[in-house]
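Next up: just one chain, as structure tokens, the form predicted alone.
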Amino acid sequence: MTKVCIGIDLGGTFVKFGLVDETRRAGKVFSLPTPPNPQPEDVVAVMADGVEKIIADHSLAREDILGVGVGAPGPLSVKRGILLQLPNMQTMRNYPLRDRVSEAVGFPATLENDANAAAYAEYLCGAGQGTRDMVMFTLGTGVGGGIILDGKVLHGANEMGGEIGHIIVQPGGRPCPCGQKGCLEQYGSAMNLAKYASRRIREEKPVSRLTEILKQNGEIDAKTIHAAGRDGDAFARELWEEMAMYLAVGCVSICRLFDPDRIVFAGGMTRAGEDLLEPIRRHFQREDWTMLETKTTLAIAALGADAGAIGAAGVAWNAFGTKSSSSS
């Protein structure tokens, strides 16, 4: 029978479930509601219910399941399998989620940061398929992502690696809640693009459609900035170009450090498609070195909101699939 690993993606609203088989093909992802104001055992119970549903839906024999991977927001310890803190689930502080899930479902389990899991999914069967070294930028409220080197997720000696959003792209620049100044997250995320635009509008009062929108609604967002730029608004285009330039600078730094086959962009900002990718590529070519050709390609992620569950299953394959193959 085909061997599988099951993936679980823990979110504040939904817990998502998927599986990956021994050919690294991903099954259909489904979700169950995350309990409101949950106790840890409530969350684990939902995860166990989802695993049983996958087993029933796919008519799986329990011996065909090698393990379960759990993706969760950080900070967490992958090595110890512990959630250190969840902003939206305070009861799960310092909670040994990996072991509790393993006990509840009856299979060995892994724990991974959700952004790393999503990156691994794109590497395994999404926009990074066929690569060995891939980096993913997740562009949303902040800038996150994951780094895959030689087919494995980079964690770092102290499990602090892969914090792409906190690469410094502007020394002495905008303050970041992390304590640094000039982090990429302050220049390349949807939320901070909107905050920066609003501040400049209030200070400079540019002739722009965005000025009127901010006056009427009290706020603007990245989607509005993108739409205004597409309609020819010069100020909106300037904001979008500046954001793309900083993302390109981040890409150049990643290339000098890791020389990946591909850099993949995910998250809400990527709904802009080629309107996002084209200026990043253009600025990347302008900022990149000239002494050698950089062969890294840039792409938009392919798996969308399913990536977390698929990647968690993939990470479990890394942990348990190799052992299964070597023992058979």
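Model, not experiment: these values are computed from the prediction. Don't overthink the numbering: it's just position in the shown sequence, from 1.
The next section is about a form of this same protein that is not shown, the form predicted in complex with another copy of the chain.
The stretch among 101-109, 218-226, 170-178, 203-211 whose residues place heavy atoms within 4.5 Å of another copy of the chain in the predicted complex is 170-178.
Every member of the trio His155, Met160 and Thr294 reaches another copy of the chain in the predicted complex with some non-hydrogen atom inside 4.5 Å.
Residue in contact with another copy of the chain in the predicted complex (any heavy atom within 4.5 Å), chosen from Arg199, Arg230, Arg256, Arg93: Arg256. Remark: Arg237 does not count among the residues lining another copy of the chain in the predicted complex, judged by a heavy atom distance of 4.5 Å or less. Contact annotation for Pro260: at least one heavy atom lies within 4.5 Å of another copy of the chain in the predicted complex. With a 4.5 Å cutoff on heavy atoms, Met191 does not count as touching another copy of the chain in the predicted complex; it lies far away. In the predicted complex, Lys195 stays away from another copy of the chain, with no heavy atom inside 4.5 Å. Residues of 229-249 placing a heavy atom within 4.5 Å of another copy of the chain in the predicted complex, in sequence order: Met245, Tyr246, Val249.
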